[in-house]
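Let's start with one chain on its own, the form predicted on its own, as structure tokens.
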């Protein structure tokens, strides 16, 4: 990142207003990201970080809270007195009740009082229930106007809990902001490996002729986590894995793999092509859901030789809950390039390992000319690793050294960086893009609604059939998974 930051454009001065400045997201992700951006000169020196806090005692102790957060999540900043002193001078806490209209006038006065910055980034690190009232009150005091500088809003998922609520949220936000001002953040799109997928596809002519139904047998997209739901039982009971992961993260990854080459790598070009993919995804019928979708819930088990409890015994979870913590889907894209090529999506909690990847598995050679050697010819496979150890690998078949013609698999591995500690975190990349006004890696409102249309038939079918299969923690042996991928080259990848 040091070399990358040396050629990066420094954004203009801006006030970064964080609503929910004492919350978990701010402490774990936003503050460490902003601190590293300061270190790499990716925040203009005249910028301020204005933290909105509900209580007076939070205001008095915010600098200490920020210091404690960075000591845990970005110790390289606080262990360097020069960096910490410079970053801490950017911190400006302000007390405010989000439902108190008078607070927004005080906030406006603080923004207007800036010596240099008239640009403002609003970050809603708050529950979605507060999006409407906060947007309305910002608009009421003209903080959304762009007469003196740009105004940009960042919101976190969930972008609604179904199609109707997503449409309602979009209407609400568009009452007070223009679409071009709204940045719907998906941290998966900020990962270096996801961005590199665009570079790999469109900067290398060698693979584009193969990127279609003629040569690709299927695609596997996996986002697996070894942790359980942790402290999110209340949210997860309403959401489940389909809403929490598939509707946003996995469908976005699918769209990037399957999209047509855009006219240019820009927000408009990329997002226009992604929505074409989402619109082309086959909508499952109730009968297809039975054979093309697997849902399951983790039970008790052993992870790293330690016992872990089942989902139904987590905090804020009903003892008879049928919420899915694992989803596997077989999806098709009804267009010229991908007709008949299945995209297998799987995601879940309490799985054996934490790993996220995109695997492109190619068809076998049309004729096995080495069958007399008793060699097993493995299908060629191109893998983009999102986590851990971000990078790419390509599996080929080659002759094993020796006197006989015996084949063995050969893997070409390409990590993205020799020292991954210098790679930017997703939030650093995405916050930097917001400050620059680059929306390429963010969801547009119509994308969000189209993604909900894809998962709605599955949600409705599962509402009719509440039964969920149980699987022991730390296993890939989940009922129905093997049947889902039966008949396709190589089966599920071993992770």
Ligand code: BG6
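Numbering follows the first chain given and starts at 1. All values derive from a computational prediction rather than experimental measurement.
Keep in mind the form predicted together with the named molecule is missing from the figure; the text below concerns it.
Participant: Check for me: heavy atom within 4.5 Å of the named molecule in the predicted bound form, for each of 292, 324 and 460, yes or no.
Facilitator: Answer is no for this spot.
Participant: Heavy atoms within 4.5 Å of the named molecule in the predicted bound form: which of the stretches 311-319, 121-129, 144-152, 240-248 has them?
Facilitator: Every other range fails; the passing one is 240-248.
Participant: Looking at 399, 354, 363, 283, which has any heavy atom no more than 4.5 Å from the named molecule in the predicted bound form?
Facilitator: In short, 354.
Participant: May I ask you to choose, among 108, 387, 272, 279, the residue with a heavy atom within 4.5 Å of the named molecule in the predicted bound form?
Facilitator: Partner contact (heavy atom, 4.5 Å) among the options: 387.
Participant: Does residue 188 reach the named molecule in the predicted bound form if we count a contact as any heavy atom within 4.5 Å?
Facilitator: Residue 188 belongs to the contact set for the named molecule.
Participant: Taking heavy atoms only, is residue 227 within 4.5 angstroms of the named molecule in the predicted bound form?
Facilitator: Close contact exists here: in the predicted bound form, residue 227 approaches the named molecule to within 4.5 Å, heavy atoms only.
Participant: Is there any non-hydrogen atom of residue 232 lying within 4.5 Å of the named molecule in the predicted bound form?
Facilitator: Residue 232 belongs to the contact set for the named molecule.
Participant: Does any heavy atom of residue 184 come within 4.5 Å of a heavy atom of the named molecule in the predicted bound form?
Facilitator: Residue 184 lies outside the contact set for the named molecule.
Participant: Using a 4.5 Å cut-off on heavy atoms, which residues of 285-316 contact the named molecule in the predicted bound form?
Facilitator: Contacting residues: none.
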